[in-house]
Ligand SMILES: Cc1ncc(COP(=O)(O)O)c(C=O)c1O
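Shown below, as structure tokens, is a lone chain in the form predicted alone; questions about how it binds or moves come after it.
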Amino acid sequence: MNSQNPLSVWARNIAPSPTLAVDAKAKALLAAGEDVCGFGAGEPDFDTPEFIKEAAVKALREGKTKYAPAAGLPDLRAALVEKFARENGIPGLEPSQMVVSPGGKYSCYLAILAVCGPGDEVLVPAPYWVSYPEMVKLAGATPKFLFAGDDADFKITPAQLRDAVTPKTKLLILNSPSNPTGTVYTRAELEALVAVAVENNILLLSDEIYEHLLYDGAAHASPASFGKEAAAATITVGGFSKSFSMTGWRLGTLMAPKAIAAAVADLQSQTTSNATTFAQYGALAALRDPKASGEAIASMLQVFDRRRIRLHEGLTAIKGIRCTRARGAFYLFPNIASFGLSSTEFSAKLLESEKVAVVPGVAFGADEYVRLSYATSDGVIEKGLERMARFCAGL
């Protein structure tokens, strides 16, 4: 062993999650008595709905604390089949196409690991969720970025996609609704992109973790519902964290063609074994009671929508900031280029002088922006806007 450098090439090349780092720093300042306005966390500030918690408690009391099948509880996988037919318009699926994992993040990683390796290129539209490039690199593949700024509503075009394809292209990652931008592709826009992918024999990873968090009449569309060719090329990732405020439960879902799903389940069997057994019973309750789930999501959405509108109004009222009004998820991604600072400098100075924590856009492949989450209280939003306005006026 080289005592000077004991780490593997994977460990040396991985970057820590900047979103978690910002959240941790804000929490540390709060713990130290500082009055911090934190906009960093991608986490609903609501409790998990009571009926979901009670289902997990019941499972615990009944001794459902042992190993589960690697791909997930059979009942939960069957309920996912029903969910995809009912909500996503994808009939004819089988439980063998479903995998339940410890979090949507791990579902994404397993999907990439199952189909990508050294020599492969993965197309990643930017701005992107911070973990996609790192996951691609951990699989030994190479991320290749396609940028679309706020002038394009943060959406790549079929022409961009076609121009980026090479013989090495293996996978395209799409995330709608998007983290960090909140943009939502229309069905027609997604169909055009999927057509290019199918035409070039490219697989698609569709990250739909924010599928229920939609505003201004936006509608969600799942690429796997676009026909047999699209379904055969698509890996759909989702989960319970965002829609049901279950971030700490660590429950993600993956739906894919049988061969890919089986490979994902095998990878999981050799890494985490399975998602936490009693937590899966909570997820099962969420799927088996669409009425209660729908009411819980609608209640949360009403609050998010109010905060979204207020934060957007406040940001666009600040001279020098340009901000697209997001139609999904719970983020805004304002353009701060006019101030002549990098996103890292802007965020660091804002935290130091005004105790407002935002995430630098460079972490998402877009250095002219910062990300703010409105999954926080109305009080934090009001105070944070006041402080940001004062900060920007002094630049």
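Note that residue numbering begins at 1 and tracks the sequence as displayed. Computed from a predicted model, the values in this text were never measured in an experiment.
One more form of this protein should be noted, the form predicted together with the named molecule, which is absent from this view; the next part is about it.
How about residue 288 - does it come within 4.5 Å of the named molecule in the model of the complex, if we only consider non-hydrogen atoms?
Although the named molecule is absent here, residue 288 would stay clear of it in the model of the complex, with no heavy atoms inside 4.5 Å.
Considering only heavy atoms, tell me if residue 324 and the named molecule come within 4.5 Å of each other in the model of the complex.
Result no; residue 324 lies far from the named molecule in the model of the complex.
Contact test in the model of the complex: residue 103 vs the named molecule, heavy atoms, 4.5 Å:
Yes.
Can you work out whether residue 207 and the named molecule are in contact in the model of the complex, taking contact to mean some heavy atom pair no more than 4.5 Å apart?
Heavy-atom contact with the named molecule at 4.5 Å: present for residue 207.
Which residue, 281, 185, 84, 132, is the contact with the named molecule in the model of the complex, using a 4.5 Å heavy atom cutoff?
The residue from 281, 185, 84, 132 that makes the contact is 132.
With the named molecule left out of view, choose which of 274, 97, 175, 293 has a non-hydrogen atom within 4.5 angstroms of it in the model of the complex.
Only one listed residue qualifies here, and that residue is 175.
Determine which one of 239-247, 154-162, 213-221, 89-97 lies within 4.5 Å of the named molecule in the model of the complex, judging by heavy atom distances; exactly one does.
Correct option: 239-247.
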